[in-house]
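Shown next as structure tokens: one chain only, the form predicted on its own.
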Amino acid sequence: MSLHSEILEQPTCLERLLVSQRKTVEQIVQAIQMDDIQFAFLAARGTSDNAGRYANYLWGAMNSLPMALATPSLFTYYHQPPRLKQALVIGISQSGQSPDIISVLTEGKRQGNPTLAITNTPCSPLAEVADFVLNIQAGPELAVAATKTYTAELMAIAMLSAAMSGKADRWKELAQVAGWVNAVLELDETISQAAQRYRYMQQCVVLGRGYNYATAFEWALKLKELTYVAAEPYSSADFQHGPVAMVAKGFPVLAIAPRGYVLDSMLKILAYLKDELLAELVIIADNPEALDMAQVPLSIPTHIPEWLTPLVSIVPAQLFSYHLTLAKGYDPDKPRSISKVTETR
């Protein structure tokens, strides 16, 4: 099994998770709603932290549930955890092995809060400490760079949102995700050819906003892990408050700009980058105006509800990162300096 094969597995993984875990998700939501939960407190690292960024937007926008991202060092080194009264305490970890994430759930339980583990390893230490376990069921992920476990985490977060909303149409939209991802995978060869253009790229920025703020961070992470490019992720709004000064003619800017509430703001900054700063643009989008601005346009299916675009838009980004790794002459299955499980404290 290789990184590429795991990328290609994603439609199957997402469909399996949706079908097999819907009842579990609904039971979890029913139980936590009895606890008068006022906010979610989420701990994660790395790729899982980017899934948390998605939850921050999704649960706030779709479920009116505020969310705070934990600072695990307060629990492990400073021994000064915040008060978590009326919080749902959540740990997201593919392996369930990270001591700092476990420490957050342990403290959450000590304070009398319900705890939830979202993990690919239901027998892990994280799962053992949690009151509720949501197994993302992605199967063994042997590649060091996470791909199918990331989209499965996003699906789990989206399923929780759908269950909290109580709206049947949300589940119908979720049922289409695997098909949309499968359509993107058909661009594999096209993306392979496009990536050749950037084989000498050493630095870039990655822009996203709203739900796809998470996608910008995850795309940048994949580029760092696999291609060793200094890829810096930004909200397109934050980018204009200083960092845009680094852009000169030919500077690579990668962006995620699907239809939705933030599209107009994305189009404005992309037009400025192209026309005024002469940046080199790679754009993942589902609308002609955004795609027409790009030297390398990466199209995703149209009419994806904005709240689900991160589950689809990350896939061309994964393929781009994988093929750029090969173009640079590196082994995508053996990235330097990192391992599959990182046990931080």
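Treat the numbers as computed from the prediction; the structure is a model and nothing was measured. Residue numbers run from 1 along the displayed sequence.
Beyond the structure shown, there is the form predicted together with another copy of the chain, which is absent from this document and is the topic of what follows.
Does another copy of the chain get within 4.5 angstroms of any non-hydrogen atom of Gln202 in the predicted complex?
Within the cut-off, so yes.
4.5 Å heavy atom contact, Glu26 and another copy of the chain in the predicted complex:
Output for Glu26 is no: heavy atoms all beyond 4.5 Å of another copy of the chain.
Do Asp238 and another copy of the chain come within 4.5 Å of each other in the predicted complex, heavy atoms counted?
So Asp238 counts as contacting another copy of the chain.
I'd like to check something about Gln38: if you look in the predicted complex, is any of its heavy atoms closer than or equal to 4.5 Å to a heavy atom of another copy of the chain?
Close contact exists here: in the predicted complex, Gln38 approaches another copy of the chain to within 4.5 Å, heavy atoms only.
In the predicted complex, which of the stretches 297 to 305, 63 to 71, 284 to 292, 311 to 319 has residues with heavy atoms within 4.5 Å of another copy of the chain?
Looking at the other structure, the answer is 63 to 71.
Considering non-hydrogen atoms and a 4.5 Å limit, which listed residue (Thr119, Thr115, Thr147, Ser98) is close to another copy of the chain in the predicted complex?
None of the other options qualify; the answer is Ser98.
Of the residues Glu225, Glu141, Glu107, Asp131, which one places a heavy atom within 4.5 Å of another copy of the chain in the predicted complex?
After the contact test, the surviving option is Glu225.
Which residues, if any, of 249 to 276 lie within 4.5 Å of another copy of the chain in the predicted complex when only heavy atoms count?
Sequence-ordered list: Tyr261, Val262, Ser265, Tyr272.
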